[in-house]
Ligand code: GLC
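Below, in structure tokens: the form predicted on its own, a single chain.
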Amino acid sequence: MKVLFASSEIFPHAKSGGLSDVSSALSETLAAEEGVELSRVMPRYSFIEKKKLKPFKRAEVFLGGTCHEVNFYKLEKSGVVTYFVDAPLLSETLGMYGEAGEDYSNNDLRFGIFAAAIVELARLLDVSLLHLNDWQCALAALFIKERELDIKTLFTIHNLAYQGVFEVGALSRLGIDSKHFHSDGLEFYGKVNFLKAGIGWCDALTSVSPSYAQEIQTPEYGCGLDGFVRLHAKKLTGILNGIDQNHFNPKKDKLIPFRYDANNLDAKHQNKTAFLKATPLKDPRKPLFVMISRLAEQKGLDLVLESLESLLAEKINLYVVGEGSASYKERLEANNGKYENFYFHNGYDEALSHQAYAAADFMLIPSRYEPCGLTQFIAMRYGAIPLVRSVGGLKDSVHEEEALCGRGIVFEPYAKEAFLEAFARALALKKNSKKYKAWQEQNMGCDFSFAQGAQEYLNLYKSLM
């Protein structure tokens, strides 16, 4: 079975969030499966150096009567071939999707070219299945159907809130027939919705956790598409994400100062001490709560800010790291110096995040909604107990009641009172050192890889053939 796995970002080549890590871990796991010949494709952004890539093929894609020249490059690493789409509009920008918090105005054309190039590469490689991820790849499902190509498509929704919505003029720029512009097609409140192309024209549809698959069919979490998702619910499957356990492994992690495992948790405390020395925070005896997050409403930052005074009245340290919304950045930075046991670091750095996981006693993940999340898996892998809201993939992967794997503190209502009650239970757990250590050891022995998820995807692949 020849499969082409398409994503707008794949670690370590490009990363803005969890999509990159998932695309890397899932595709590598699937590529190792017997009977699967899988390769990957992503854009060649300007920061990906051509000199490290090998030229493959040149092609032309026609969109809206305009010919766009596309060059394909390739790189083989760890037994997986990754192809890179190089095209002027797609590859010449400084960022992937935008700059200074603003999306590029021509993202419809940029990712329309990418989707068309995916289809051309699929033809060149003679693949039987395209695995498409999120709105940036979604139009490929429509292009496949329009050209009546003998290629099956599986489309994965990683976050329904990001849909690729553009003005109606995108149809003519991309040469998409206006017959598709209706409520059961691409139309979305008078605009063009790329994500709907993936949902509507794919042969199989997945989301990144079983609970999220159910949630996106409701008005509360459907982001305006709940009815459209329900229309296509028969082809929808929720498959829980996983992580690359080789990359996220405190026993081998070269980004942390002291390596450790469940049998050597003293070294985790050494990481905590070293981490705090690099911050204004003091006293490693205090429980360290860490939040590693995009600065977005989705992540529950309002709840944290609303509860901040109550949280910091306790003998704890709270460290927040992330980048995103300027408003959240300003509100968090305003508390630097106001509290001696709080610090916010603006910006994202891979090494810093690993060090924060290794230092943390608890990881805060109080999301409004969470398709799956990877933070909880990484935290548990590094011996930090997650404190999560019971929603989406967090609900599927973290359990306060006894469970074989995935122990953490869980609350349900998105409310300050429920959050603070969960926080109090976390403090009580930390005081019970025997129980706290047992939870750490249990979590660190769990398998949070894509082993099971990949098998579910493989079964779907086979069902389409």
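None of these values were measured; they are calculated from a predicted model. In this text, residue numbers run from 1 along the sequence as written.
Note that the form predicted together with alpha-D-glucopyranose isn't included here; everything after this is about it.
Heavy atoms within 4.5 Å of alpha-D-glucopyranose in the model of the complex: which stretch in 373-381, 69-77, 311-319, 137-145 meets that? Heavy atoms within 4.5 Å of alpha-D-glucopyranose in the model of the complex occur in 373-381.
Would you check, heavy atoms only and a 4.5 Å threshold, whether N159 touches alpha-D-glucopyranose in the model of the complex? Although alpha-D-glucopyranose is absent here, N159 would touch it in the model of the complex, with heavy atoms inside 4.5 Å.
Any chance Q270 has a heavy atom within 4.5 Å of alpha-D-glucopyranose in the model of the complex? Although alpha-D-glucopyranose is absent here, Q270 would stay clear of it in the model of the complex, with no heavy atoms inside 4.5 Å.
Report yes if any heavy atom of N241 sits within 4.5 Å of a heavy atom of alpha-D-glucopyranose in the model of the complex; otherwise report no. The answer is yes: N241 has a heavy atom within 4.5 Å of alpha-D-glucopyranose.
So in the model of the complex, is alpha-D-glucopyranose close enough to G453 to count as touching (4.5 Å, heavy atoms)? Contact with alpha-D-glucopyranose, no.
I have G18, V208 and Q298 flagged as a candidate spot, so tell me whether each of them has a non-hydrogen atom within 4.5 Å of alpha-D-glucopyranose in the model of the complex. Every listed residue reaches alpha-D-glucopyranose in the model of the complex, so yes.
Exactly one residue in R294, R331, K235, R123 has a non-hydrogen atom within 4.5 Å of alpha-D-glucopyranose in the model of the complex; which is it? Comparing distances to alpha-D-glucopyranose in the model of the complex, the residue within 4.5 Å is R294.
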